[in-house]
Ligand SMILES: Cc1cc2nc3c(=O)[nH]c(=O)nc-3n(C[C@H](O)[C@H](O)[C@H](O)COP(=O)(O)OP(=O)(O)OC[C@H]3O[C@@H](n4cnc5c(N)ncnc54)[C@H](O)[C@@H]3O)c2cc1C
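One chain comes next, on its own, written as structure tokens: the form predicted alone.
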Amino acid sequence: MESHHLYGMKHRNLALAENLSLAANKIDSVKQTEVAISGGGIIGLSAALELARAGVQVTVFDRARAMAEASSAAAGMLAASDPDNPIALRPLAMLSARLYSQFLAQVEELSGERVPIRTRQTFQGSPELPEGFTSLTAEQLQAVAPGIVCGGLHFFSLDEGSLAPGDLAFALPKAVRAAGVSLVENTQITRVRERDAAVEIETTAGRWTAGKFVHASGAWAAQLSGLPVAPRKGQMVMIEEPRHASLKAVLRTPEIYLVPRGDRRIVVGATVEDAGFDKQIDNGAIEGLLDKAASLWPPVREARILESWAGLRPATPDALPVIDALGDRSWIAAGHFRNGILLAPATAQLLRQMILDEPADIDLRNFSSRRFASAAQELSVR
């Protein structure tokens, strides 16, 4: 009996040791980072790059592939002066426009890839000429867009650039990795809990803890933050210029835009649809875009269609982004709608300033999460 008792104790002790070992391994398997960012689009990656350059350890999680959603689907206009932008957006847009050349230089240096500015001028059409602008003459318009039909609109010139988002989508992930950022793709964050000492993060590939957390998951930001950021579907089409006509600047009206890439390709866009997360192409919508484009610039009728696609812009009810703290250890940068490419450098700089407790470059009250407090409270109750 005594030997049997000792045998049982021995196995219980072995089982206890194994359980303790498993528990220790489970604790050890929880990975750590100083700052975790949800979302590998241009907002999340630009913020990661900015923080990494300040010496912060950063890990970025993306539910699929970095820069594969709205960031690569955009037209690429750096439309800081677009009259259709909300007035409250202007300080942020102007700050980002000033930062852009430095931002691209950093991306190119770190990645070893070029991200060229494809155009440097926009011809904006508007029903009324804004104060301080002069209407372009017919000769000026025809020199840049031969055959343009103004249709009663006043056209004026804006010194705005544009880039090909595909160039940035290729270079920016390389740049953040070169800066020391850990980019975890095909990994969805399923839960985030802010504790006194850290932020606990559960993902489809395991558990993490972070000192600080940033919500930057674009059209999916509502799932973790509870704020009203929702997808707005945008369909677009790429055409090839006909040989007898060449577009030398962006043409933009309240109804349509044409963005030349400088290689005889032109992007035409875009629809704005409340269609959830649906990204199916509607041939009727594409035909509608081409009809509007041809009414403005008739050579479109002879252009060959190269490609069409749809992206999901992250939108808020007032068309302004949310750039704010959500707690002692959590921040959000989402809802950039049509201007994510433009606003990325300024958003990244402002996030760095907030996270590192530095003075902000601009007043952020227009981008506060508190303007949607009732929506967040309603979600937290459910």
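One rule holds for the numbers: they count along the sequence shown, beginning at 1. Model, not experiment: these values are computed from the prediction.
There is another form of the same protein, the form predicted in complex with this ligand; it is not shown, and what comes next is about it.
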Does Phe155 reach this ligand in the model of the complex, with heavy atoms at most 4.5 Å apart?
no
May I ask you to check whether Asp62 falls inside a 4.5 Å heavy atom distance of this ligand in the model of the complex?
yes
Taking any heavy atom pair closer than or equal to 4.5 Å as contact, tell me whether Glu50 reaches this ligand in the model of the complex.
no
Find out whether any non-hydrogen atom of Ala348 is located within 4.5 angstroms of this ligand in the model of the complex, and reply yes or no.
no
Judged by heavy atoms and a 4.5 Å cut-off, are Thr33, Gly226 and Trp331 together in contact with this ligand in the model of the complex?
no
Could you spot which one of Ser111, Ser308, Asn85, Thr187 gets a heavy atom to within 4.5 Å of this ligand in the model of the complex?
Thr187
Heavy atom within 4.5 Å of this ligand in the model of the complex: which of Val115, Ala75, Leu95, Ile148 fits that? Just give me the one.
Ala75
What stretch, of 101-109, 138-146, 308-316, 290-298, brings heavy atoms to within 4.5 Å of this ligand in the model of the complex?
308-316
Scan 31-48 and write down, in order along the chain, each residue with a heavy atom lying within 4.5 Å of this ligand in the model of the complex.
Ser38, Gly39, Gly40, Gly41, Ile42, Ile43, Gly44
